[in-house]
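Here you get one chain, nothing else, as structure tokens; it is the form predicted on its own.
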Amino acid sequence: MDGWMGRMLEVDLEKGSFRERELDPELLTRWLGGRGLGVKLLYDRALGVEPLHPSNPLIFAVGPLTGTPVPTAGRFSLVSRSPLTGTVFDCNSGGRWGVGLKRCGLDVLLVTGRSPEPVYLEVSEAGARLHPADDLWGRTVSEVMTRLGAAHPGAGVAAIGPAGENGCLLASIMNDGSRALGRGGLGAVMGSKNLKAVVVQGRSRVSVSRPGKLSFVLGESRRWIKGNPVTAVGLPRFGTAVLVNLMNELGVFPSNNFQHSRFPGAESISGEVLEERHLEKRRACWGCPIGCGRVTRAGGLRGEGPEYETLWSLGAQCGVDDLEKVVLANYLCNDLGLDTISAGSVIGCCMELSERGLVEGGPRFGDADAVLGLLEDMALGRGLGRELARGSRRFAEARGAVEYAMQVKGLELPAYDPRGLQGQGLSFATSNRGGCHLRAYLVGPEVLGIPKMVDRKSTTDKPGLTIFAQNLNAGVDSLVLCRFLQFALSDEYFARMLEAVTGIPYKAMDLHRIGERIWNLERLYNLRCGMDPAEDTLPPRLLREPVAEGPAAGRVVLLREMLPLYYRARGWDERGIPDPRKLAALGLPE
């Protein structure tokens, strides 16, 4: 099939066995790849399996556009059940690792079992091999990248650091230097399998059905990307850090564990100051014309980032305005294999509990050195860090103060105060993987005016808008492409690219339909794993404590107004359960 390789490799680490099998063409055309295909395989094979059980699979999946000339088509997805949230979970990452997997002639790499000893997995067109990894165990991500990069020149490497080995539920998987499968603790799933790294290298070509048509669409697309101020100027010059000052001015840049919606030190940790003091050069993922990556220097070290979310989590969330310390904390997270959003957020939660007298001798807001120390302690499972490594919900529950954990379904919220963004609040509450900004990203229309500006204080239009974005984004995640393309390109362009590559007449509405199918299957997975629909909510602070000052003053999230309308528009009942007729229409099991 044009676009797809049509093959999946299954690896059982316990048996040390490998099995290649063909993928059903109907499975591919209905679920595309990446997130959609991964969720379908997880539902069919491991529904209800505990996250750290050997049978919980790690499903690495690429999409039909991966490895083609489509911009940003070097990404890949990883799907599993999260040990942090207990929900279905997918991450996707850039770099070049995804292209490496596809050029091995594979759409999916599915890993189960637990190796009796530490190993790393090598995948190529010739097959797969397991190598002993005793000498890599305990090493940082950068050390592993250096060693495996030398042993396998030109290969893509995805690896965990000490955090994943030690079962930290905030552990990430890093690839190609500092790219990250960051959220949900999937690094702990990899660590539980005694799998230190996965190396991919191949040369297979990806066939394109209509090269001339694809070339024409890409020509148009590149003109839109170059003509859009976000993709042509903002992201290339400042990276995602360009958002810091903007969000702070709008009163939606939370600080001190969301006690405030603005941060007095925002200017000190902004993208503009990062560029002036620490930026060395830009870096782009494979096939990306935008180049939002930042290579930086700080404290005599060199690394990548920090991104907007990290400047917030290790800065404003912890009351820290020392930019150099924030950059160093970011480097440390990358090397230890820690999700920067959740790591910073749980420390901010701990700081508030300390100041409320619930953590004896704990850290206080503004203590940058305490942040650096706690990051190491979380990754290595030491002292207070051992408690924080279980995430903010578990940590605050243990202290009798779960209301101060700024999370949804166990996943720490990112850098937007939804009290000033009603649609973003609804999208946080209804996200299948927990408190995630990317499932819908209503910041686009509510702040950036993309595709058009809407009233961020309004609630009446937000249920429909949230569903539209959630469905479309699930489709784009299954192609697998970078979200930043959506600043410049409409759903029509994605459908035209998919049609040109596969030769199948996909339309824009097909992407929405596929996305809706994925969203509902994720919902079913969560419900059948025991999730209570009452978890479609927000921390009490965001529902009951109005913003004290600034542009969002006096506001809370009006979730009670929006959620019933959201359920109804989804075709779910008043409890948030999908209606059998909706499931049948989507071809899903009742």
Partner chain sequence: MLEQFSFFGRELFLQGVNSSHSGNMSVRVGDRIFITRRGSMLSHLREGDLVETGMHDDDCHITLASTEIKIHRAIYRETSALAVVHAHPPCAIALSLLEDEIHPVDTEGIYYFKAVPVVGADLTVGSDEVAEKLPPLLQNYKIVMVRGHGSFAVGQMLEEAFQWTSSLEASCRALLFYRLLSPQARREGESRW
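Positions refer to the first chain, counted from 1. Treat the numbers as computed from the prediction; the structure is a model and nothing was measured.
Here the subject shifts to the form predicted in complex with its partner chain, a form of this protein not shown in this document.
S.K.: Just to confirm the contact call: exactly one of 189 to 197, 276 to 284, 302 to 310, 235 to 243 touches its partner chain in the model of the complex at a 4.5 Å heavy atom cutoff, so which is it?
M.R.: Among the listed stretches, the partner-contacting one is 235 to 243.
S.K.: Which of 130, 448, 504, 402 has a heavy atom within 4.5 Å of its partner chain in the model of the complex?
M.R.: Here the answer is residue option 448.
S.K.: Though its partner chain is not shown, can you say which of 211, 227, 383, 116 has a heavy atom within 4.5 Å of it in the model of the complex?
M.R.: Comparing distances to its partner chain in the model of the complex, the residue within 4.5 Å is 227.
S.K.: Does any part of residue 135 reach within 4.5 Å of its partner chain in the model of the complex? Heavy atoms only, please.
M.R.: Outside the cut-off, so no.
S.K.: I'd like to know whether residue 249 contacts its partner chain in the model of the complex, with contact meaning heavy atoms within 4.5 angstroms.
M.R.: Because a heavy atom of residue 249 falls inside 4.5 Å of its partner chain in the model of the complex, the answer is yes.
S.K.: Could you tell me if residue 398 has a non-hydrogen atom within 4.5 Å of its partner chain in the model of the complex?
M.R.: No, residue 398 sits far enough from its partner chain in the model of the complex that none of its heavy atoms falls within 4.5 Å.
S.K.: Could you tell me if residue 453 has a non-hydrogen atom within 4.5 Å of its partner chain in the model of the complex?
M.R.: Contact with its partner chain, yes.
S.K.: Would you give me the residues of 260 to 296 that have any heavy atom within 4.5 Å of its partner chain in the model of the complex, in order from first to last?
M.R.: If the 4.5 Å heavy-atom criterion is applied to its partner chain in the model of the complex, 260 to 296 yields only 272.
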